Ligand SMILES: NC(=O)c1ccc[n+]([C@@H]2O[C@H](COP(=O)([O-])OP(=O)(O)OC[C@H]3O[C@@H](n4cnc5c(N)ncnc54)[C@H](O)[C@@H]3O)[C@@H](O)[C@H]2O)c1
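The chain below stands alone and is given as structure tokens, in the form predicted alone.
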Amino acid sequence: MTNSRRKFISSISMLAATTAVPLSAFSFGKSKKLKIALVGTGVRGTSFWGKRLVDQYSDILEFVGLCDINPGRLEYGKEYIGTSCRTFTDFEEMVKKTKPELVIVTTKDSTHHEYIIKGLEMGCDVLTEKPLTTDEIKCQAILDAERKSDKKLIVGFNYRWSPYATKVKELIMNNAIGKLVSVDFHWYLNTYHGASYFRRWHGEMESGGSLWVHKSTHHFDLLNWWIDSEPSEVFAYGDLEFYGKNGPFKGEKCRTCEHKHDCKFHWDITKDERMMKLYANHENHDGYIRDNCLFREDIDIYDKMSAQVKYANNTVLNYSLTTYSPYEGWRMGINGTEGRIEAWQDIPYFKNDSIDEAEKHAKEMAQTGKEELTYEPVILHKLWNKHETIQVGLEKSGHGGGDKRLHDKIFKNPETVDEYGRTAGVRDGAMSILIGIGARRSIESGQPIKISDLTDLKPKVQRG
């Protein structure tokens, strides 16, 4: 065994069940390429965890297998990623025959646990796309499997890695506003991006666990990281009042809908070559309709959500998610004993922002490698003083520049010490989804939910 390979195996074992252990994961040398297998060849799998890795890191890693339950999508995914590796419709067969060192899971949220657990049991380290999973039972099963295995799990949270989010963390770490007291955080999905969740499988609780889990896990992870504590209790409200059965009319899918000329949400998938090649052309294999009706009866998730979360360090979070806003963006205020931090992204009338709302999400998700640098303000306001405006440089594409920084840390610079603690382990993944799961349980019961009642994890006052 080479020293570089021994170093990789040693460092990957440090992938922590808690962020208390510094993570220098995936520290592999370049004398032998890291063998990767990916399961789930949808948009995220083929682009961010597929094509981008091939384009940017082929000198240090190689795909040895791709897996998907849809053979048509699988073959197109292989072509799009640009790999010559073998393809499989059976996950265990793929692992047995290709012997990957790392398995990347990008399947439907409700099946993440299956591949995470199987991967660990079959001797692979695992990297999963967020969310970790969709309910507390599956979460506990993952926790148990990770503890039993000598392999480890990392969750691919990218928002932590954007320069803008990192600047907020830096201010908090430097005690710029004293002890944290409360946080107000509000996320707005526009009528393009927000609606897309409801036409996909994400609109059904069984598949995605609701946007409390699929989307808000991003936000809750950021907040847990900023606050540097873990949630202890959540109380929430939510309802379905706009999409689903509330629609003015219904159709089978956008392509064949008789209301296409009257529906403001009509989406012509035939004009999107990638969506046609990835999904529509392969509906016959699994019946998945990518341009489903936003107003179908099967939609059973919430489209308005609000929660109050208490943290173990006594910080209180007020959170909301809007799914049909005129614009896409977010606002936040963090209150401390010595001041306040205000931050926001993409609020159009805060500056002369001319980007089209329909294009905004596509630009954020882009992996062009030619990111345009821009500057966004963070406001620091200390008690008894005038506020200070701090301009932060970042890229709009690739999740604010977070995507490429996450990949570089994992695959290129694993030994670099990260003073901000941005790499997320299984405990981080669990604590982010448990807020959303707790919020669902609170809506169902009308009662506050203690996080410690959901799994055997006990919230820590301080994450580290």
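In this text, residue numbers run from 1 along the sequence as written. Given the structure is predicted, the values throughout are model-derived calculations rather than measurements.
Keep in mind that the form predicted together with the named molecule is missing from the display, and what follows is about it.
A heavy atom within 4.5 Å of the named molecule in the predicted complex is found for exactly one of Gly400, Gly425, Gly65, Gly42: Gly42. Of the candidates Ser229, Thr166, Thr107, Thr323, Thr107 is the one whose heavy atoms come within 4.5 Å of the named molecule in the predicted complex; the others do not. This chain is displayed without the named molecule, yet in the predicted complex the stretch 125 to 133 from 330 to 338, 95 to 103, 249 to 257, 125 to 133 comes within 4.5 Å of it by heavy atoms. By the criterion of a heavy atom within 4.5 Å, Trp201 is counted among the residues contacting the named molecule in the predicted complex.
Not displayed here, the named molecule is kept clear of His381 by more than 4.5 Å at the level of heavy atoms in the predicted complex. Arg160 falls outside the set of residues with a heavy atom inside 4.5 Å of the named molecule in the predicted complex. At least one heavy atom of Asp286 is located within 4.5 Å of the named molecule in the predicted complex. Contact residues in stretch 59 to 74 (any heavy atom within 4.5 Å of the named molecule, taken in the predicted complex) are Asp68, Ile69, Asn70, Arg73.
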